[in-house]
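A single chain comes next, written as structure tokens; it is the form predicted alone.
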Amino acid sequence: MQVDKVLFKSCGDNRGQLIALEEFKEIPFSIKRVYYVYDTTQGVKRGCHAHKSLEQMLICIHGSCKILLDDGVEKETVLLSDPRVGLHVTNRIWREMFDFSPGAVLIVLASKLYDENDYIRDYVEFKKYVAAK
């Protein structure tokens, strides 16, 4: 599966911690879009789609959440609960974000601008798409 956990370098002292993220350094792609998910309703799932070409780095900067990853053959669930850890998710991976802790904030760095044509929102279509590749 094309998914990697990345540990970011944290710099800090008694005043607090800081993590800097730069494209092609800590983030292995050009950052074209940034968004975040917060104030989620308990029991809700977010995502529930795959991308044809977009890559993402998911970072739970506050609280925790789980990410279900599915490449069409294998499924894996990853817990994000450390703001120093990012989850690099490449294309053709189905993702579902769920089990958000109260106050959780999930930030997503994306390699492309929003393009509805890059989304696969139907799981059956996703399975067909990855089988054809």
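Quick note: we count residues from 1 along the sequence shown, nothing fancier. All of these numbers come straight from a predicted model, not from anything done at the bench.
FYI, the form predicted in complex with a small molecule isn't displayed, but the following is about it.
Colleague: Quick one: find which of 67-75, 43-51, 22-30, 84-92 has residues within 4.5 Å of the small molecule in the predicted complex by heavy atom distance.
Modeller: Of the options given, it is 43-51.
Colleague: Would you classify R121 as touching the small molecule in the predicted complex, given a 4.5 Å non-hydrogen atom cut-off?
Modeller: Yes, contact at 4.5 Å.
Colleague: Do Y35 and the small molecule share at least one heavy atom pair within 4.5 Å in the predicted complex?
Modeller: Taking the distances in the predicted complex, the answer for Y35 is yes, it comes within 4.5 Å of the small molecule.
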